[in-house]
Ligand code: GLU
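Next up: a single chain in structure tokens, the form predicted alone.
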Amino acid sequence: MTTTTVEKAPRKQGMYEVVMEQFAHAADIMDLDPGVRKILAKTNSEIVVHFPVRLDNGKIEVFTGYRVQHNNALGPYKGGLRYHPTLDIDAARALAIWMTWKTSLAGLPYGGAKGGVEIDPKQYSQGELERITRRFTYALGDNIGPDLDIPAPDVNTNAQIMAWIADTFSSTKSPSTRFANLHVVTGKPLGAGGLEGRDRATGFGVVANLKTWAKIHKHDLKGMRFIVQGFGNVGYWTAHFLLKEGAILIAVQDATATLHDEKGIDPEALLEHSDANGRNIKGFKGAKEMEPKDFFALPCDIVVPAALGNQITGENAGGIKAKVVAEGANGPTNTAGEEILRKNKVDIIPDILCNSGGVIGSYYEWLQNKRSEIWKIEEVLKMIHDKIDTSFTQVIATSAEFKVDWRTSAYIVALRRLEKTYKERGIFP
């Protein structure tokens, strides 16, 4: 009798597992206070809401929404809301924890939160999305607020959705406090209290980090070839600002297509095509389609994962020959993928540093609303650049102090600030 052994496929590592491994690694190295470690290993609250919405066809559908609030030791909870079919409580939990580290690293008076609705927004009309958003906001109730928990745009959400949230939240309060509640969300349209430059803050921040990286290594971004995974807000603005630095976009990937052209792809033309085709890049005439599995292996200098988590793994990281991976997305590199990149001497600008331009921009919008001021885009972008430069400098210094990689160093900088806060303030009661 012959026995056949069937090899099991490797289990895919979840984002929550990744963030907790990264946290434990940094905590061990810096010898984080055991009490603070216990606090930061747990979320403060996890909110799951189920709410009905009448669709255009008259039928009722019940949706599931999430809001996970990880920690608010440094200030109000802060973090995006995403509309995506893969969103679940574990993903929201991981993203909320990352937001705590990100806001702490950036030196902002915020904690971390994340959430959204478990839907594919492309399956719903604009009117349906408005009703879903407003009903979700109502279901969250007083779990959000301008000095409690401040959502922002994330995957598949935008300024319009933030405006609906702000209007719904304000409408449930006293008319006398309506304008005092505008900063319940950030990333709003300009006419609804938004900040000039907030739309491009995350992508601008990715490029600000790359400029600092280039300065450290005495590189010139001019002429460098780069590839971008994801062509939403972050992917587009990253390409836009890298092009201004003289870099060349040679490939773009989204869920519908992988485009490649060694001579360069025009991000402005691609955006125009994408906007006209439901935010999809497929069918763009300015580049040829290629096999999606070969995307990360393309010869280039800069890789920008700006889509979803767990994209660079042990299965594909070995093919990456770039000088640097700039993490525009949250958690795009899992533990196995990171080990391979480091072994191959590929620099990684970690997500909590690399994509922090968005939350920094959100902070200035929140501050602008609280102060009833209006700032110019040049001022905003300069403030974002200065904060990122300061954070990167701290990461480099801490990396040298502990002799660790940049991701671990970024965690240590963030955890040190939180640890200091808990030690100074104590634990109630």
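Don't overthink the numbering: it's just position in the shown sequence, from 1. Remember, it's a predicted structure, so these values are computed and weren't measured experimentally.
Separately, the form predicted in complex with the named molecule exists; it is not shown, and the next lines address it.
*Asks:* Would you classify A251 as touching the named molecule in the predicted bound form, given a 4.5 Å non-hydrogen atom cut-off?
*Replies:* Output for A251 is no: heavy atoms all beyond 4.5 Å of the named molecule.
*Asks:* Indicate whether T186 is a 4.5 Å heavy atom neighbour of the named molecule in the predicted bound form.
*Replies:* Output for T186 is yes: heavy atoms within 4.5 Å of the named molecule.
*Asks:* At 4.5 Å between heavy atoms, is M99 in contact with the named molecule in the predicted bound form?
*Replies:* M99: contacts the named molecule in the predicted bound form.
*Asks:* Should V303 be counted as a contact of the named molecule in the predicted bound form, where contact means heavy atoms within 4.5 Å?
*Replies:* So V303 does not count as contacting the named molecule.
*Asks:* Could you check which residue among S391, S362, Q69, N369 gets a heavy atom within 4.5 Å of the named molecule in the predicted bound form?
*Replies:* Partner contact (heavy atom, 4.5 Å) among the options: S362.
*Asks:* With the named molecule left out of view, which of T137, N209, N334, N330 would have a heavy atom within 4.5 Å of it in the predicted bound form?
*Replies:* The residue from T137, N209, N334, N330 that makes the contact is N330.
*Asks:* Of the listed stretches (274 to 282, 314 to 322, 351 to 359, 243 to 251), which one has a non-hydrogen atom within 4.5 Å of the named molecule in the predicted bound form?
*Replies:* Going through the listed ranges, the match is 351 to 359.
*Asks:* Pull the contact list for 58 to 97: residues with a heavy atom within 4.5 Å of the named molecule in the predicted bound form, in sequence order.
*Replies:* Contacting residues: K78, G79, G80.
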